[in-house]
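Listed next as structure tokens is one chain, alone, in the form predicted alone.
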Amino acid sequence: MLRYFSKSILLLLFSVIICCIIYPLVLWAIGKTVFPFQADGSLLKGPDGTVVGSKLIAQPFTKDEYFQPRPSSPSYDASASASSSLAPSNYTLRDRVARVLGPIVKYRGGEKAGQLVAPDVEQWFSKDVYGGEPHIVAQWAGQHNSLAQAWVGADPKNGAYVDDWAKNNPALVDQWIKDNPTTPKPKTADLAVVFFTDFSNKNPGRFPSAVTKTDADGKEVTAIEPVKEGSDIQSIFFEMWRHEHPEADLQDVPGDLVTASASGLDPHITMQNALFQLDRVAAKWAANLHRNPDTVRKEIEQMLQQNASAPFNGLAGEPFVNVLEINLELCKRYGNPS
């Protein structure tokens, strides 16, 4: 009996040494010597030598000087990789896609061919009529309660603005509590619909949006104010504008410009997507550098071609571009954006 027990102990020790010590050490040594870049996380460095991210994980870029990655369900959080799992019929997905399209989509035909739709969305919004009824913002909040609540929680300034409104309008809050007796102490987000309804009545053709101004001391101060134009209106109300203008002939956009990958962290975009963004990127760099836009566009397009790759050395699939790599190339060539 003791003999079998001792053999089992020896076998256990042998397995632990092989699987938990020797095998990991061998893989670590091979990775460090043969694949050091991949073993360290495929990290990329900026012009100043500091690590700015991984080649394998997408990260957000918001400045117009940069190419932007695909949308991300986990908001580019590498610890929460996941897809949204939303069906095409889900309004949350449709709303997200519409918000991307609003500021960038252009007319394909007609007298406005090649022009952005965004100014027309703003002009339509300022008339404050949807479906023949007034108060677009109130209708939007009433039809999509979850989106209105999401706006309140999207930024602390939004929540503070609604909280101040609630303090100044106790009668409306009390009426909401009477209509919802199971929630005697509503949170700020709970009041989203009644807030937007009151806001729409008092500010027709306006939407509460963050506005940055310079105060008397020369400091930039951001506050929520009623606005009739801007990216919020272009994105949030594009879907409603499209419903009222089904005949508008709009350009197609690359699919990966508005759809997230299964992981939500895809670091690449298709060449078609990159070329769609090229005009914006080139125009912004040309303005910063005070150079000819056509010349800058040709330079950046050449950089895209040089940095493009395809599976199996081009034998399969379409060309794609690593977003972080191409943006680093832009910084190396033109410097940091102002």
Partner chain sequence: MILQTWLLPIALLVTATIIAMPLSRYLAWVMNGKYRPLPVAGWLEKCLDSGPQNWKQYTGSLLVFNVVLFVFGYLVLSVQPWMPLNPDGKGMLFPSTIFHSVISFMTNTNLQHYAGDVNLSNFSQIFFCIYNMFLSASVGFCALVAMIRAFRGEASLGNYFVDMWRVVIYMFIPAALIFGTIFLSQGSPMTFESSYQVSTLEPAAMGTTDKGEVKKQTIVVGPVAALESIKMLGTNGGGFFGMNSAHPFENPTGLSNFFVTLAMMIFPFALVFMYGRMLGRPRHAWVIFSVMLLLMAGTVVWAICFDTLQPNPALTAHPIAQTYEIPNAKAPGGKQEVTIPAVASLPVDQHLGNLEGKEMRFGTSAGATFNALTTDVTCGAVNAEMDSLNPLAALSPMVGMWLNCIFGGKGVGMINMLLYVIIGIFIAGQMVGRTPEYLGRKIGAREVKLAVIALLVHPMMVLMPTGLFAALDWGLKAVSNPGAHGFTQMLFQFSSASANNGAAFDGLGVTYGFANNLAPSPEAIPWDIATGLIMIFSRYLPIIAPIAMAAFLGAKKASPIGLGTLRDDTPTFGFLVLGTVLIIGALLFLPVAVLGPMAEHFGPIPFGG
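Residue numbers count along the first chain shown, from 1. None of the values given here were measured: they were computed from a predicted structure.
One more form of this protein should be noted, the form predicted in complex with its partner chain, which is absent from this view; the next part is about it.
**Student:** Of 164, 179, 133, 252, which one comes within 4.5 Å of its partner chain in the model of the complex, counting heavy atoms only?
**Tutor:** Selected option: 252.
**Student:** Its partner chain isn't shown here, but in the model of the complex which of 194, 121, 236, 101 has a heavy atom within 4.5 Å of it?
**Tutor:** Only one option qualifies, and that one is 101.
**Student:** Considering only heavy atoms, tell me if residue 63 and its partner chain come within 4.5 Å of each other in the model of the complex.
**Tutor:** Contact with its partner chain, yes.
**Student:** Contact with its partner chain in the model of the complex for residue 187, defined as at least one heavy atom pair within 4.5 Å: yes or no?
**Tutor:** Result no; residue 187 lies far from its partner chain in the model of the complex.
**Student:** Classify residue 305 as contacting or not contacting its partner chain in the model of the complex by the rule of any non-hydrogen atom within 4.5 angstroms, answering yes or no.
**Tutor:** Because no heavy atom of residue 305 falls inside 4.5 Å of its partner chain in the model of the complex, the answer is no.
**Student:** May I ask you to state whether residue 160 is within 4.5 Å of its partner chain in the model of the complex, using heavy atom distances?
**Tutor:** It does not: once its partner chain is placed as it appears in the model of the complex, residue 160 has no heavy atom within 4.5 Å of it.
**Student:** Which single stretch, out of 88 to 96, 194 to 202, 209 to 217, 150 to 158, brings residue heavy atoms within 4.5 Å of its partner chain in the model of the complex?
**Tutor:** Checking each option against the 4.5 Å cut-off leaves 88 to 96.
**Student:** Does any residue in 236 to 267 get within 4.5 Å of its partner chain in the model of the complex, counting heavy atoms only, and if so which ones?
**Tutor:** Going through 236 to 267 in order - heavy atoms within 4.5 Å of its partner chain in the model of the complex - the hits are 238, 242, 243, 246, 250, 251, 252, 253, 254, 255, 256, 258, 259, 260, 261, 262, 263, 264, 265, 266, 267.
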